[in-house]
Ligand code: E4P
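Only one chain is included here, represented as C-alpha coordinates and corresponding to the form predicted alone.
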(Lines give C-alpha, C1' and ligand atoms only; values in the text may rest on other atoms or scores of the structure.)
Protein backbone atom coordinates (compact mmCIF):
# COMPACT_ATOMS: atom_id res chain seq x y z
CA UNK A 1 0.00 0.00 0.00
CA UNK A 2 1.01 3.63 -0.44
CA UNK A 3 3.55 4.74 2.19
CA UNK A 4 2.05 7.39 4.47
CA UNK A 5 4.96 9.78 3.84
CA UNK A 6 4.89 9.49 0.03
CA UNK A 7 3.86 12.78 -1.61
CA UNK A 8 5.09 12.02 -5.15
CA UNK A 9 2.69 10.25 -7.50
CA UNK A 10 4.06 7.01 -8.97
CA UNK A 11 3.64 6.26 -12.67
CA UNK A 12 4.70 3.21 -14.65
CA UNK A 13 6.61 3.87 -17.87
CA UNK A 14 5.43 1.06 -20.12
CA UNK A 15 3.16 -0.13 -22.90
CA UNK A 16 1.99 -3.54 -21.68
CA UNK A 17 -1.23 -3.83 -19.64
CA UNK A 18 -0.08 -7.18 -18.21
CA UNK A 19 2.91 -5.40 -16.69
CA UNK A 20 0.57 -2.74 -15.31
CA UNK A 21 -1.36 -5.46 -13.47
CA UNK A 22 1.84 -6.94 -12.04
CA UNK A 23 3.06 -3.56 -10.78
CA UNK A 24 -0.29 -2.75 -9.18
CA UNK A 25 -0.21 -6.15 -7.51
CA UNK A 26 3.28 -5.54 -6.15
CA UNK A 27 2.83 -1.92 -5.02
CA UNK A 28 -0.80 -2.10 -4.00
CA UNK A 29 -1.42 1.12 -5.94
CA UNK A 30 -0.43 3.02 -9.09
CA UNK A 31 -1.15 6.66 -9.90
CA UNK A 32 -0.72 6.63 -13.65
CA UNK A 33 1.22 5.43 -16.67
CA UNK A 34 3.28 7.00 -19.44
CA UNK A 35 3.48 5.50 -22.92
CA UNK A 36 5.39 6.40 -26.06
CA UNK A 37 6.00 4.88 -29.51
CA UNK A 38 9.09 2.98 -28.35
CA UNK A 39 7.18 1.37 -25.48
CA UNK A 40 4.29 0.42 -27.77
CA UNK A 41 6.81 -1.21 -30.13
CA UNK A 42 8.03 -3.27 -27.15
CA UNK A 43 4.52 -4.46 -26.26
CA UNK A 44 4.70 -8.28 -26.43
CA UNK A 45 1.90 -8.53 -28.99
CA UNK A 46 3.46 -5.91 -31.26
CA UNK A 47 6.94 -7.41 -30.82
CA UNK A 48 5.66 -10.89 -31.71
CA UNK A 49 3.99 -9.52 -34.80
CA UNK A 50 7.16 -7.77 -35.92
CA UNK A 51 9.21 -10.92 -35.24
CA UNK A 52 7.06 -12.68 -37.86
CA UNK A 53 7.80 -9.94 -40.35
CA UNK A 54 4.28 -8.55 -40.08
CA UNK A 55 3.65 -4.83 -39.76
CA UNK A 56 0.55 -2.78 -39.06
CA UNK A 57 -1.35 -0.61 -41.48
CA UNK A 58 -1.67 3.01 -40.27
CA UNK A 59 -5.23 2.33 -39.11
CA UNK A 60 -4.27 -0.93 -37.42
CA UNK A 61 -1.48 0.63 -35.36
CA UNK A 62 -3.76 3.39 -34.13
CA UNK A 63 -6.39 0.80 -33.22
CA UNK A 64 -3.73 -1.20 -31.40
CA UNK A 65 -2.48 1.83 -29.48
CA UNK A 66 -6.07 2.70 -28.54
CA UNK A 67 -6.74 -0.83 -27.29
CA UNK A 68 -3.56 -0.79 -25.18
CA UNK A 69 -4.24 2.55 -23.50
CA UNK A 70 -7.92 1.75 -23.03
CA UNK A 71 -7.01 -1.41 -21.12
CA UNK A 72 -4.42 0.47 -19.05
CA UNK A 73 -6.92 3.24 -18.33
CA UNK A 74 -9.37 0.70 -16.97
CA UNK A 75 -6.72 -0.53 -14.53
CA UNK A 76 -6.00 2.98 -13.18
CA UNK A 77 -9.25 4.89 -13.78
CA UNK A 78 -8.46 7.52 -11.16
CA UNK A 79 -4.95 8.12 -12.49
CA UNK A 80 -3.48 9.53 -15.69
CA UNK A 81 -2.39 7.80 -18.90
CA UNK A 82 -0.07 9.69 -21.26
CA UNK A 83 -0.42 9.09 -25.00
CA UNK A 84 2.23 10.50 -27.33
CA UNK A 85 1.59 12.22 -30.65
CA UNK A 86 3.77 11.48 -33.64
CA UNK A 87 6.38 14.19 -33.98
CA UNK A 88 9.51 14.43 -36.07
CA UNK A 89 11.34 17.66 -36.86
CA UNK A 90 8.96 18.39 -39.74
CA UNK A 91 5.65 17.68 -37.99
CA UNK A 92 3.45 20.76 -37.87
CA UNK A 93 1.54 22.02 -34.86
CA UNK A 94 -1.68 21.43 -36.78
CA UNK A 95 -0.92 17.77 -37.39
CA UNK A 96 0.04 17.24 -33.74
CA UNK A 97 -3.15 18.94 -32.60
CA UNK A 98 -5.36 16.84 -34.85
CA UNK A 99 -3.78 13.64 -33.56
CA UNK A 100 -3.99 14.89 -29.98
CA UNK A 101 -7.73 15.42 -30.28
CA UNK A 102 -8.19 11.86 -31.46
CA UNK A 103 -6.01 10.44 -28.67
CA UNK A 104 -7.71 12.50 -25.97
CA UNK A 105 -11.08 11.09 -27.02
CA UNK A 106 -9.94 7.52 -26.44
CA UNK A 107 -9.99 7.56 -22.64
CA UNK A 108 -11.30 9.82 -19.88
CA UNK A 109 -7.96 10.16 -18.06
CA UNK A 110 -5.60 11.02 -20.92
CA UNK A 111 -2.71 13.45 -20.99
CA UNK A 112 -1.38 13.97 -24.51
CA UNK A 113 2.38 14.15 -24.92
CA UNK A 114 3.93 16.85 -27.09
CA UNK A 115 7.67 17.56 -27.52
CA UNK A 116 9.14 20.78 -26.13
CA UNK A 117 9.67 22.36 -29.54
CA UNK A 118 8.19 25.45 -31.17
CA UNK A 119 5.55 23.36 -32.96
CA UNK A 120 4.94 21.20 -29.88
CA UNK A 121 4.42 24.21 -27.62
CA UNK A 122 2.10 25.84 -30.15
CA UNK A 123 0.08 22.63 -30.42
CA UNK A 124 -0.05 22.29 -26.64
CA UNK A 125 -1.29 25.84 -26.19
CA UNK A 126 -4.05 25.25 -28.72
CA UNK A 127 -4.85 21.88 -27.14
CA UNK A 128 -5.22 23.49 -23.72
CA UNK A 129 -7.66 26.02 -25.22
CA UNK A 130 -9.72 23.06 -26.46
CA UNK A 131 -9.82 21.47 -23.01
CA UNK A 132 -7.12 18.82 -23.42
CA UNK A 133 -4.58 17.88 -20.75
CA UNK A 134 -0.93 17.78 -21.83
CA UNK A 135 2.42 16.24 -20.91
CA UNK A 136 5.35 18.16 -22.40
CA UNK A 137 8.07 15.61 -23.05
CA UNK A 138 11.71 15.48 -24.11
CA UNK A 139 12.64 18.36 -21.81
CA UNK A 140 16.38 18.79 -21.20
CA UNK A 141 16.82 22.30 -19.79
CA UNK A 142 15.35 24.61 -17.19
CA UNK A 143 14.61 27.09 -19.95
CA UNK A 144 12.52 24.52 -21.81
CA UNK A 145 10.56 23.90 -18.60
CA UNK A 146 10.06 27.65 -18.18
CA UNK A 147 8.75 27.81 -21.75
CA UNK A 148 6.20 25.12 -20.92
CA UNK A 149 5.08 27.28 -18.02
CA UNK A 150 4.71 30.30 -20.31
CA UNK A 151 2.89 28.37 -23.04
CA UNK A 152 0.27 27.02 -20.62
CA UNK A 153 -0.44 30.03 -18.38
CA UNK A 154 -3.97 29.94 -17.01
CA UNK A 155 -4.16 26.14 -16.93
CA UNK A 156 -5.55 24.33 -13.92
CA UNK A 157 -3.22 22.29 -11.74
CA UNK A 158 -3.32 18.73 -12.97
CA UNK A 159 -3.75 19.64 -16.62
CA UNK A 160 -0.05 20.18 -17.46
CA UNK A 161 2.99 18.00 -16.83
CA UNK A 162 6.56 18.73 -17.90
CA UNK A 163 8.86 15.73 -18.23
CA UNK A 164 12.61 16.37 -17.92
CA UNK A 165 14.60 13.32 -19.08
CA UNK A 166 17.24 12.22 -16.58
CA UNK A 167 18.87 9.19 -18.15
CA UNK A 168 19.61 10.73 -21.52
CA UNK A 169 21.52 13.56 -19.86
CA UNK A 170 23.45 11.01 -17.80
CA UNK A 171 24.33 9.22 -21.05
CA UNK A 172 26.42 12.18 -22.12
CA UNK A 173 28.07 12.69 -18.76
CA UNK A 174 25.75 15.32 -17.26
CA UNK A 175 23.95 14.89 -13.96
CA UNK A 176 20.35 14.62 -15.11
CA UNK A 177 19.07 14.76 -11.55
CA UNK A 178 20.43 18.31 -11.30
CA UNK A 179 17.82 19.24 -13.89
CA UNK A 180 15.02 17.74 -11.78
CA UNK A 181 16.32 19.64 -8.74
CA UNK A 182 16.62 22.84 -10.76
CA UNK A 183 13.12 22.69 -12.22
CA UNK A 184 11.66 21.86 -8.79
CA UNK A 185 13.45 24.89 -7.33
CA UNK A 186 12.36 27.16 -10.19
CA UNK A 187 8.71 26.13 -9.83
CA UNK A 188 8.71 26.36 -6.02
CA UNK A 189 7.43 29.95 -6.01
CA UNK A 190 5.14 29.60 -9.03
CA UNK A 191 1.37 29.24 -9.25
CA UNK A 192 1.83 25.46 -9.49
CA UNK A 193 -0.09 24.92 -12.70
CA UNK A 194 2.79 22.92 -14.24
CA UNK A 195 3.59 19.67 -12.44
CA UNK A 196 7.11 18.24 -12.55
CA UNK A 197 7.30 14.66 -13.84
CA UNK A 198 10.72 13.04 -13.40
CA UNK A 199 11.22 10.91 -16.53
CA UNK A 200 13.83 8.69 -18.17
CA UNK A 201 14.45 7.27 -14.70
CA UNK A 202 16.73 4.25 -14.96
CA UNK A 203 18.21 3.54 -11.54
CA UNK A 204 16.94 3.20 -8.02
CA UNK A 205 19.05 6.25 -7.15
CA UNK A 206 17.22 8.30 -9.80
CA UNK A 207 13.92 7.11 -8.41
CA UNK A 208 14.68 7.70 -4.73
CA UNK A 209 16.20 11.13 -5.33
CA UNK A 210 13.10 12.12 -7.30
CA UNK A 211 11.07 11.26 -4.20
CA UNK A 212 13.48 13.13 -1.92
CA UNK A 213 13.29 16.24 -4.12
CA UNK A 214 9.51 16.20 -3.93
CA UNK A 215 8.86 15.81 -7.66
CA UNK A 216 5.12 15.86 -8.26
CA UNK A 217 5.37 12.64 -10.28
CA UNK A 218 8.02 10.08 -11.14
CA UNK A 219 7.62 7.57 -13.95
CA UNK A 220 9.76 4.45 -13.90
CA UNK A 221 10.07 1.14 -15.75
CA UNK A 222 8.28 -1.86 -14.31
CA UNK A 223 11.49 -3.61 -13.23
CA UNK A 224 12.43 -0.62 -11.07
CA UNK A 225 9.00 -0.37 -9.46
CA UNK A 226 9.02 -4.10 -8.74
CA UNK A 227 12.42 -3.72 -7.05
CA UNK A 228 11.10 -0.77 -5.01
CA UNK A 229 8.22 -2.98 -3.86
CA UNK A 230 10.61 -5.81 -2.97
CA UNK A 231 12.68 -3.33 -0.92
CA UNK A 232 9.61 -2.36 1.11
CA UNK A 233 8.66 0.90 -0.71
CA UNK A 234 11.26 3.10 1.01
CA UNK A 235 10.72 6.87 0.89
CA UNK A 236 13.92 8.83 1.59
CA UNK A 237 13.97 12.15 3.42
CA UNK A 238 15.19 15.49 2.15
CA UNK A 239 18.68 14.61 3.40
CA UNK A 240 19.04 11.81 0.83
CA UNK A 241 22.55 11.93 -0.67
CA UNK A 242 22.43 11.30 -4.40
CA UNK A 243 25.58 9.54 -5.71
CA UNK A 244 26.36 11.65 -8.79
CA UNK A 245 29.85 10.21 -9.13
CA UNK A 246 31.77 11.70 -12.06
CA UNK A 247 28.70 13.19 -13.76
CA UNK A 248 29.10 16.88 -14.62
CA UNK A 249 26.97 19.27 -12.62
CA UNK A 250 24.14 21.14 -14.33
CA UNK A 251 24.12 24.57 -12.69
CA UNK A 252 20.89 26.13 -11.48
CA UNK A 253 19.80 29.20 -13.45
CA UNK A 254 17.79 32.11 -12.14
CA UNK A 255 15.04 32.36 -14.73
CA UNK A 256 11.91 34.49 -14.71
CA UNK A 257 8.67 32.64 -15.36
CA UNK A 258 6.98 35.89 -16.39
CA UNK A 259 8.58 36.37 -19.81
CA UNK A 260 6.69 35.87 -23.09
CA UNK A 261 7.08 32.39 -24.55
CA UNK A 262 9.08 33.69 -27.51
CA UNK A 263 11.88 34.93 -25.26
CA UNK A 264 12.88 31.46 -24.04
CA UNK A 265 15.58 29.49 -25.84
CA UNK A 266 14.07 26.02 -26.26
CA UNK A 267 16.51 24.51 -28.76
CA UNK A 268 18.24 21.32 -27.60
CA UNK A 269 19.87 18.57 -29.64
CA UNK A 270 18.57 15.82 -27.33
CA UNK A 271 14.99 16.92 -27.96
CA UNK A 272 15.57 16.53 -31.69
CA UNK A 273 17.32 13.17 -31.20
CA UNK A 274 14.46 11.96 -29.00
CA UNK A 275 11.87 12.84 -31.63
CA UNK A 276 13.92 11.02 -34.25
CA UNK A 277 14.08 7.91 -32.12
CA UNK A 278 10.39 7.85 -31.25
CA UNK A 279 9.29 8.55 -34.83
CA UNK A 280 11.64 5.86 -36.17
CA UNK A 281 10.26 3.29 -33.73
CA UNK A 282 6.72 4.23 -34.71
CA UNK A 283 7.48 4.10 -38.44
CA UNK A 284 9.08 0.66 -38.00
CA UNK A 285 5.67 -0.67 -36.94
CA UNK A 286 3.89 0.44 -40.11
CA UNK A 287 3.65 -1.06 -43.59
CA UNK A 288 4.78 1.32 -46.32
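Source: prediction; values computed, not measured. Numbering follows the first chain given and starts at 1.
Just so you know, the form predicted together with the named molecule exists too; it's not on screen, but the next bit is about it.
Student: Pick from 99-107, 206-214, 165-173, 119-127: which stretch has a heavy atom within 4.5 Å of the named molecule in the predicted bound form?
Tutor: Only one stretch passes the 4.5 Å heavy-atom test: 165-173.
Student: Do heavy atoms from each of 34, 219 and 277 fall within 4.5 Å of the named molecule in the predicted bound form?
Tutor: Yes, each of 34, 219 and 277 comes within 4.5 Å of the named molecule in the predicted bound form.
Student: Name the residue from 81, 139, 199, 134 that puts a heavy atom within 4.5 Å of the named molecule in the predicted bound form.
Tutor: The option sitting close enough to the partner is 199.
Student: Going by a heavy atom distance of 4.5 Å, is residue 16 a contact of the named molecule in the predicted bound form?
Tutor: No, residue 16 stays farther than 4.5 Å from the named molecule in the predicted bound form.
Student: Quick check on residue 111: any heavy atom within 4.5 Å of the named molecule in the predicted bound form?
Tutor: Looking in the predicted bound form, residue contacts with the named molecule do not include residue 111, since no heavy atom lies within 4.5 Å.
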